[in-house]
Structures are given as C-alpha cells and as structure tokens.
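Alright, two takes on the same chain below, each alone as structure tokens: structure 1 and structure 2.
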Structure 1
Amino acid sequence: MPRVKIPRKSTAIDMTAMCDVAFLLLTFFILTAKPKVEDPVPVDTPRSATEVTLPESGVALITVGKGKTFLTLDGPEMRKQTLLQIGSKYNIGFTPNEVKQFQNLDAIGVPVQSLKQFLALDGEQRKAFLASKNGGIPTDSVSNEMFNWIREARVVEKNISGKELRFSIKGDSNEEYPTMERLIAILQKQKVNKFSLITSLRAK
C-alpha cells in the first residue's frame, strides 16, 4: 500500500501586512520624536510630586546651574527677532550669517559683548566657552543683561503671538539660593510674578 504523502507547505509567510504595520509605527515615532535639547550646564532637577506637564509652546526656559543662567527661546523667528532687538539696544550689528547661526543655538548664554565672538566658534569650542567662567548671561545689577533678554523676548512674543510669554525655570538641585533669588528678582521687576519650576517626578 503506498503511503499517503502529505504535501509540504511552503514556509514563506506573507510579510506585507507586518511590513505595513512596522512602517506605520516607524512613521509615528519619527514624527512625534522631539530632538533632545542638551543643557548648557549639567542640571539635576529637584524632585516633586506635581504632575502638571509644561505646555509645549509659548514658554521660555531659564536654565540655572553652577551659578550661571541661560535662556532658551522657542522657534527660529522668535530667536531672530530677539537678537535683532538686543542688537539695536546694545548697538551691535549682526551679519545675516551670524543671525542664522544664532537661530540654531539651543541656549543663549554669553555676555552680549562676547556674542559675536561666540557665534564664530564651532560646536566643541562653544561648549567649552559655555563651561568657562565667561559662560552664562550676566544677572548682576550693573549690566543686567538677563533683564534685557527677558524683556525683549517678552516684547517679541507679544508681537508674534499676541500672548504673554511664560517662563519656566530649570534649576539644579544644589544651586545656591542667592542665584535663584537674583533671577526671581529680575522677573519680578518686570511684573512677571508667576512662573513654573521644572521638576522631575517623585512618588509621594
């Protein structure tokens, strides 16, 4: 009696559907991914139990660490306008190339007088500059450059979107309080009495 042979099925599986799903997910993740912005100084945010998330837009970030303060503005147009305003205030002209460089900056963190010099540097040198003692926007009451940056940024935001610019402060856990006090005083001088403190989540 001849044995009944079971025909072998091919092991090839139709991958089309799987491929579709994979690329769908891929597209989703690429579109939602936000490039991580590197902090100009290492900042370890204090922990708290608040669960309110920061709004996506209309917020300027002030980073504080190692006694230095940095300002991060959202969007190239905002940065450009603010730079031009600051330039006219301090009588510094910027070339189109410098403006372009500035638009790509993550954080503003040098004295206005060194800004031109800073923009001429390349990536690694910039990092070194920010970490050196010249890094950070001066907050002392003599030059008070931070005050002017914040003020001009607020004016620009008002012109662009018609809304008040909100401020969030990202401070290092071990930052001494006087640095924060100076910063808060600068904000309060402009009647910005409400701001957000960025914290990382902690269980209660």
Structure 2
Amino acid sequence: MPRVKIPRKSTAIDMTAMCDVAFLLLTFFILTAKPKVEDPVPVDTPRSATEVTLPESGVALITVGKGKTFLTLDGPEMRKQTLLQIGSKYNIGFTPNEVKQFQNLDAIGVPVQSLKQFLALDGEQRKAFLASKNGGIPTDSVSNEMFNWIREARVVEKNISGKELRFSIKGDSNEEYPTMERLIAILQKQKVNKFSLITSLRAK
C-alpha cells in the first residue's frame, strides 16, 4: 500500500502586531529621551563608589570649572520667568526675541550686564565667550550675582510647582577650594543646606 504524502504548506507568520509594538517602543523612547547637555566648561568630576539617581525635574545644576560658575535651570518657562525677575531686579528690559534666545540656553554663565551682548551672539561665539575671562556668573562679594540668580530661581520654582528648588553641584576634581567655598556659602546664606554633588561612578 503506498504511503500517503501530506502536502507541504509554506509557513506564514503575521508580523503586523510585532511591528506595531516595535514602533510604539521606538516612539516612546524618542519622546521620553532627554539630550545630554554640554557643559559650559570641561569638567572632570571626582570619582565615587555609590550611585544615586537625581530626579528629572525640580533640580538646578551649578557647574564649577576653571574658577567659574554656571547655572542650568530646567525648562523654558522656568528660565523665562527667572530672566524676567533678574531683569526687573537690575532694571534691564529684554525683548521677546532675547527672552526666546535665553529660553534655549543650556547654561547661564555671564555677568548680567553682558547678558544682552551674549544673547546677540551665535552658538560658536557664545562658547568662546563662556571660555573667555568674561565667562561665568560672578560670585565675589562685590557683585554676587549668583546669589540673586539662585534666589530668583527658587522663587520661580515655588510659584510654578509649589515646591522647593533642589540644587546639584557639578565641580571639577581639580577646582580650587575657595571657589567651592564661596558657592556653598551662597547656598547656606539662603538656608539651602542640602544639595547634591555630582560624581562619576568609580569602576569596580
């Protein structure tokens, strides 16, 4: 008796659902990813053995390098309101275009009187300005502008979210102690005694 041959059929798998999931995941990661912000000056952070993740919002970053200090505020509305308050304090009016330019800044790092001149520059000229001797927010006792930036940013954060603004300090491992001492004194003068120090995780 001859054997019955079962006809072979080609296997076909419907990939539609898998493609949908893949594109959904890709869209989610693209929309939730935050681009890495370039430091205004090169900073080699000290090493540490512990890892603690900072919250994604409500944190202001103070960068310290080459004896200069810079302030990074989170969110365009936060930057806009802080700029307007600083302008009011120093009697400086900013045009809508200057406000828009300021909202796109990664970090604040010039004396207030040079801010209009800085906002008129293009990207490469701004980098050169920050790297020059004129870069950095003054922290000296004569024109302690960092104190005012921090105070106004705290007021704005309180008005926007109703929460206290948290601070993180990202300092170069070779930074001189007096610069850090002045910065910590500014925070403590405003009763900000709790802040984070950003470090690099030591290789195990």
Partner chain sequence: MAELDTSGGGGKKGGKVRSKKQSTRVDLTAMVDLAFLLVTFFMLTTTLNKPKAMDLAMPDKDDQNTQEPIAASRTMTVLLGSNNKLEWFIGEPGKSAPEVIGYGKNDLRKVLTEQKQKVLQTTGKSLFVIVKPSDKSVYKNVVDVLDELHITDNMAFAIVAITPPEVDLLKRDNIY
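Rigid core here is just the name for the largest C-alpha set that superposes within 1.5 Å across the two forms. None of these values were measured; they are calculated from a predicted model. Along the sequence of structure 1, residues get numbers from 1 upward.
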Pick one: which structure is the form predicted in complex with its partner chain? 1
Determine, after fitting the two forms on their core, whether T16 shows a C-alpha shift of 2 Å or more between the two structures. yes
